[in-house]
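What follows is a pair of forms of the same protein chain, given separately as structure tokens and numbered structure 1 and structure 2.
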Structure 1
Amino acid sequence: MKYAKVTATAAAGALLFVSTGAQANGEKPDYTAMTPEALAEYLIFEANGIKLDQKTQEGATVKERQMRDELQTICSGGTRATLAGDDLAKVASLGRAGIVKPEGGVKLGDWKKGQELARSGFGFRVGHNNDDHSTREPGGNCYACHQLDPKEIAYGTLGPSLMNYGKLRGNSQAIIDYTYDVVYSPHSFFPCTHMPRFGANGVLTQQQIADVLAYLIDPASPVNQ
């Protein structure tokens, strides 16, 4: 779904840089006549910067993966601190539009499965030692950026600590819904955040997100001990 959309936007982008300096006859264009953005696109897609024909786990090729959707394009241009208000509002609305709720509402899943997903960084690597999703499911890698279980010391700090998340915020439906949205598509609340869109990008399924939510919110989870 997402990748079809992406291809269309990126194709439009490709036309843009071809007309700003790249020659159609295969000769090297004058790099100095191109904008930095156009040159960067040219270097990736036309000058063999990245091996584009390799297969990806989502059933397409690296070429599609390197193309950007509108949200990625805007967020490549700056941070929440430097981008214009209009851009951030656009990103927030794209973020919101990407959220798909489970039928019958969001419920907490199994915190033990959520724990495994939070620890695992498996999935989506390509080029060499490709991750094989048929042998193992991709993880959410939450520990790369967040503190969660107080007993786990190898946690990253790119994101805020989520230790005692459920203990501090409770387990109301409002908190469950909010947390689902953040994990599914965090840009709805935090435009141009560093956090990946686990749901919108198809990294985690709705069921896996429910399991991760249980790990954060279930009173029995180690995160809340």
Structure 2
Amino acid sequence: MKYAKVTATAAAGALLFVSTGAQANGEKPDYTAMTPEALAEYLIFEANGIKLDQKTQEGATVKERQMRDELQTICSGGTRATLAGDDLAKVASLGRAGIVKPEGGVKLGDWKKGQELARSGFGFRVGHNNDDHSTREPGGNCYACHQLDPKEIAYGTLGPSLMNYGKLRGNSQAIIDYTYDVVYSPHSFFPCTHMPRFGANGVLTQQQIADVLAYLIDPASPVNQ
């Protein structure tokens, strides 16, 4: 059974949920002897540190969310700098296969709604205080990794700056289509990227992606001022 790659951060998060876990049967595992990855997998999948049968907003369960697909399995073996060219080509192919275009072609949506989505980190969180999508739409949390609006003071740097995205690239249909593909399934252009597959994994709808595209490309958007 192959799970999504876990880290020391995941292990630390899992510890917050463990109250009885494996110690319920009298066992006292030596956490200090485990690697961070082994500890995380133990706490999550064996010690009942997280409710694996909890339903997620995308219609699966927490356990199913942890399962690696073929693309993730390849990327868990290394990074773009260490994986073989054939592996990266396979990842790109799998990324492209996951793209679904809107009927009638890709069009820009409402940049103001896209701005809200880019700023919002709400959605798809599970645990004891999971998100309720019936009251609020999930966001893209774009500012966690990218600079966009030049007046925004808080943003991450894991991804490249997208400030003046449309101003620098224009708003041709080719740019709109390319940007849609990157947001929908970024591995199609950047194999083993850290960027989520917003469309392919159902994090954002096609309309929400269109709104994010407008925020990036529309000349009236603050991103391009």
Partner chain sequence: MLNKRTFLIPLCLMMAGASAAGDYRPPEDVLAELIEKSGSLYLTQSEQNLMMMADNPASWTVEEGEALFHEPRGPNNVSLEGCDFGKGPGVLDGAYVEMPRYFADTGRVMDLETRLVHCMTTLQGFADDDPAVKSRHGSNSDMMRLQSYIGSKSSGYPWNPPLDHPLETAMRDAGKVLFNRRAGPMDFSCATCHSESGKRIRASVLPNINSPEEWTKAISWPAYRVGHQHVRSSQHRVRGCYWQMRQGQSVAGSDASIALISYWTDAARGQPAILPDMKR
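Only a predicted model underlies this, so the values are computations on that prediction, with no experimental measurement involved. Start at 1 and count along the sequence of structure 1; that gives the residue numbers used here. Rigid core: the largest C-alpha set superposing within 1.5 Å between the two forms.
> Two forms of the same chain here; which is the form predicted alone?
The form predicted alone is shown as structure 2.
> Can you give the CA shift of residue 50 between structures 1 and 2, in Å, with the two forms fit on their core?
Between its two positions, the C-alpha of residue 50 lies 4.6 Å apart after core fitting.
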